[in-house]
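Below, in structure tokens: the form predicted on its own, a single chain.
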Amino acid sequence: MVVSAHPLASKAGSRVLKLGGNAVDAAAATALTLGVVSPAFSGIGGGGFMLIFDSKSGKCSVMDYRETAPLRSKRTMFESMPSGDENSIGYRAVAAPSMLLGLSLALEKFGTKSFHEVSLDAARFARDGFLVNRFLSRAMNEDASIRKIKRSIESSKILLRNNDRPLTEGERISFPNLARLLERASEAKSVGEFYLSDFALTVSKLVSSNGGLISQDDFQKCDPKIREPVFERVGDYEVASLPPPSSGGICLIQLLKMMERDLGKDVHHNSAEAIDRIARCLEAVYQDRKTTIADPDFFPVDSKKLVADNYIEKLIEGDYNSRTSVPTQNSHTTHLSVIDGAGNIVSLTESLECYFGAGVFVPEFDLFLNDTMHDFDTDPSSINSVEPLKRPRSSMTPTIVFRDREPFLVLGSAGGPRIISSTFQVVLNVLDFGMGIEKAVQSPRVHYEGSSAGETTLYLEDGSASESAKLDLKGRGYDLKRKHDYFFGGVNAIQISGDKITGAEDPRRN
């Protein structure tokens, strides 16, 4: 089973499985294809995390290829921004992209196919073209996206009609230079060699000559890491998810443990009582992570302590570490889930950060570069402030849930900070409300980050609360706000029950 945010990408992964590839091979093929057919959300100009389960050993591993801050970065570089967006638009917003190196290392360590074999579909769609789908058309027609696309003559020629109107659903698009990039990487002695030479030279020259900080040295220092996942028992289940620098895994386990203690059998799904409890739990973890979770190479993070029962009790009691507001960032990420015939599993989340990243287009490769510097806090005293070679805190939450020591759920989400709340609610829908995975993914969601700094907005998706429940929630002090469907993430999931495997794609994002 392969589940992703685009049918062409899922078919690419499926083709690799049919040719004898394993879950890692299929995940790489799916991710590379997503970088072509969904260029607003992920791609070679970004990075991500891969959670891998090896069925033979029964062990999970994490491949961390999150982008890193350039060597010339400074803590104070975004403290005072004249226009307010230097960390999200333009050359200074770009962190060192590492997707290409991360996927090639994953194939080397855990895969069975070559980069050439897994990149064939991505190269074909980039060369021959594909049809713009509904969600990509929606993303391209956002005002911010149009401004980013128009920053470059080359990107305007590809993504706009008459250098003015964005492409719409059903129109054809191609990226011939991206096809050549994939072919050149396949033909090189190794993908790593291509990454450190042609790719590094081209990207660093473009960025540095336009006031950005990336140099070739940043690519030499780029170091994807194999990490141990956070792994914790929650009730009758065991949860494996991402460790820092992502906050997603720790926050998800905290949320599930809090709800295990707080959710009574008499509480109905999406009732005012259930939503209130979910909101209070979300507030606690979003506030607490600001002072407890960051890149572990720069700040000591005790993951075991943060998911321990006595720490969970403190969170339930409202005794969390942060009472200050740090604005959460938007992120237009993508997630995919894969299981192969031998039971190997990959849960993978990747991102360019915001739609079309920093709006920096590399014409030689037909790709956009990330704006991952946006994920750092602008306050130089923050544990998540900018530092050279540091990875910013993430919300990405690729997860595997085990039941009786066997994989039961595989999932993750897109959506910036809503990745955590979306993944949490889908798991809760299955484990506590008894839904199948398709209903669990499609069920309306809510999002809340806390009243500690005066923010009381509870975001509701259509259908998430009845009129009586809304009145009840207003009485509890919440300011209610309706948000569009794709605000609430894009969960692509798999449920395994005996010999039956069910895939569920999120209709919010194709």
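All residue numbers are counted from 1 along the displayed sequence. Bear in mind the structure is a predicted one, so any value in this text is a computation, not a measurement.
Just so you know, the form predicted together with glutamic acid exists too; it's not on screen, but the next bit is about it.
In summary, among the residues 398, 415, 102, 244, the only one with a non-hydrogen atom within 4.5 Å of glutamic acid in the predicted complex is 415.
A heavy atom within 4.5 Å of glutamic acid in the predicted complex is found for one listed residue only; from 351, 254, 421, 119, this is 351. Although glutamic acid is omitted here, in the predicted complex all of 333, 375 and 394 have a heavy atom within 4.5 Å of it.
The closest heavy atom approach of residue 447 to glutamic acid in the predicted complex falls outside 4.5 Å.
Partner proximity in the predicted complex, defined as non-hydrogen atoms within 4.5 angstroms of glutamic acid, places exactly one of 351-359, 221-229, 204-212, 277-285 at the interface: 351-359.
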